[in-house]
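Just one chain follows, in the form predicted on its own, and it is written as structure tokens.
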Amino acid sequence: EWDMAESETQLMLSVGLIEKDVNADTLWVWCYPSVSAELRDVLLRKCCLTLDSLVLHTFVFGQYYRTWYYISTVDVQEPTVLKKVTHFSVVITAKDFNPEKYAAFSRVLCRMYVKHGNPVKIMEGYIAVLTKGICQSDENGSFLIRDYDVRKAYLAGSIKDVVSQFGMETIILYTALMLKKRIVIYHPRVEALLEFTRALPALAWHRKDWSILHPYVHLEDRELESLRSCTGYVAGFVDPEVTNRSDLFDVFVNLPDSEITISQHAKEAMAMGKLHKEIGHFIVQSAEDTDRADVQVIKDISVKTKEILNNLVSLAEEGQDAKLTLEMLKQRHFPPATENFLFRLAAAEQLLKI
């Protein structure tokens, strides 16, 4: 058994502390080992303490240029050693996507800070996990890194919920993900965004790629640059203004209204045909089966995807260096929408001969 704890712990990058004081000032007060000024700006923006209306988001997460951040926020209750602090947030940055792991860990760190009012305690807890993969304290609960498998994090979103909201239109999301398109989701409540967006990469389970997930983005230049550095993505916004930013999306999901729109420039790439209808029915059927858990639905869709990909690969193998050409596809006389989809899918899967 290789030492999982060691490789796991090397995924953590930093821990930081943001406080809101009795004068309603929000400040970045401490971090270990360090966080760049640029990332700090982003984290302050993500932290709900900087919002005028204090809606308390107990936990949010997202990424910025491949650095994941996890923020737990606490409303400080009397009596406490933290005399001048009304609220605070513990911010962990890491290389991996695992919200449950970092939510649990940051909660333990929050409890330590409430009790001792000293960031050194946060640092000690952080270093304990960094070196031993475990952070134990009798009164503040303990945290064991081993308990949080990344597969669990991938499976925590609910495809069944997505399908129950969008039905047959789920095929649009599936197609967009398979073709590595840009999906933007709008909802005014960040919690709803986090829950919905994190489920979507599971529709393309064969890639197990959650780096496409940007669940909480602000319409701010640097953040949009970070987004644009990705080929395809699933991005969540709380700002309704994003509706008018068709430069950012191929597919737009208005979550409160349950509406999915394909933008004008992506219409051709996203043309739907018989194959899409068939896959769409298949997804809906699997998701609506009350006996099937989310994991099984994801598996069903994955098996279906594998079939399509295997067919593509077998077509490619007839060609030179196992690559596919449009000519080879044309010889099969697929319906136009199917041919279009398969050609673009082959490109997304790097099976095309250029």
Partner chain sequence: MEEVDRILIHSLRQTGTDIDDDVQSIKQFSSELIVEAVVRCLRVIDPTLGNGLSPSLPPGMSARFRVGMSLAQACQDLGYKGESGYQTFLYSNEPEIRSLLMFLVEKLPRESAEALDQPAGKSALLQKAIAAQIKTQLALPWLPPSCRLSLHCKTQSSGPCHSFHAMQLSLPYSLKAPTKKQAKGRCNFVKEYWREYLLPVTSQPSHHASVPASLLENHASELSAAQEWESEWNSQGLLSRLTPEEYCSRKRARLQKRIEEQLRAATQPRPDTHSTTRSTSDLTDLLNSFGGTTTGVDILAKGTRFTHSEKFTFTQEPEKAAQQMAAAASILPSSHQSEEDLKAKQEVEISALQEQLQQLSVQMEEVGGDIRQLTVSIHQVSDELKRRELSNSEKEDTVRVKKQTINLLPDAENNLVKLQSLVEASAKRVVYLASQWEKHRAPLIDEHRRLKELCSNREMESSRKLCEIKDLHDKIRQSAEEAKKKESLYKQLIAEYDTLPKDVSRSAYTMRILEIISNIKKQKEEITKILSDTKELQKEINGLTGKLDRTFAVTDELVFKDAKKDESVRKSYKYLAALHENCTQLIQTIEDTGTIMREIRDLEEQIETEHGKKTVSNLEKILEDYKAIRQENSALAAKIREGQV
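Residue numbers count along the first chain shown, from 1. All values derive from a computational prediction rather than experimental measurement.
The same protein has a further form, the form predicted in complex with its partner chain, not shown here; the description that follows concerns it.
K.L.:
Which listed residue (Lys84, Arg151, Arg146, Lys267) meets the criterion of a heavy atom within 4.5 Å of its partner chain in the predicted bound form?
P.N.:
Looking at the other structure, the residue within range turns out to be Lys84.
K.L.:
Work out which of Pro99, Pro119, Gly280, Pro201 lies within 4.5 Å of its partner chain in the predicted bound form, going by heavy atoms.
P.N.:
The option sitting close enough to the partner is Pro119.
K.L.:
If contact means a heavy atom within 4.5 Å, which one of 167-175, 254-262, 151-159, 120-128 is the stretch that engages its partner chain in the predicted bound form?
P.N.:
Careful reading of the contacts points to 120-128.
K.L.:
Is it true that Val42, Lys208 and His218, all three, sit within 4.5 Å of its partner chain in the predicted bound form, judged by heavy atoms?
P.N.:
Negative, none of the three is within 4.5 Å.
K.L.:
Taking its partner chain as it sits in the predicted bound form, is Asn23 near enough to touch it, meaning that at least one heavy atom pair lies within 4.5 angstroms?
P.N.:
Looking in the predicted bound form, residue contacts with its partner chain include Asn23, since a heavy atom lies within 4.5 Å.
K.L.:
Is there a non-hydrogen atom of Ala293 within 4.5 angstroms of a non-hydrogen atom of its partner chain in the predicted bound form?
P.N.:
Because no heavy atom of Ala293 falls inside 4.5 Å of its partner chain in the predicted bound form, the answer is no.
K.L.:
How about Lys180: is it within 4.5 Å of its partner chain in the predicted bound form, going by heavy atoms?
P.N.:
Lys180 belongs to the contact set for its partner chain.
K.L.:
Applying a 4.5 Å heavy atom distance criterion, does Thr231 contact its partner chain in the predicted bound form?
P.N.:
Residue-level check for Thr231: yes, a contact with its partner chain.
K.L.:
Within 19-38, which residues come within 4.5 Å of its partner chain in the predicted bound form, counting heavy atoms only?
P.N.:
Going through 19-38 in order - heavy atoms within 4.5 Å of its partner chain in the predicted bound form - the hits are Glu19, Asp21, Val22, Asn23, Asp25, Leu27, Val29, Trp30, Tyr32.
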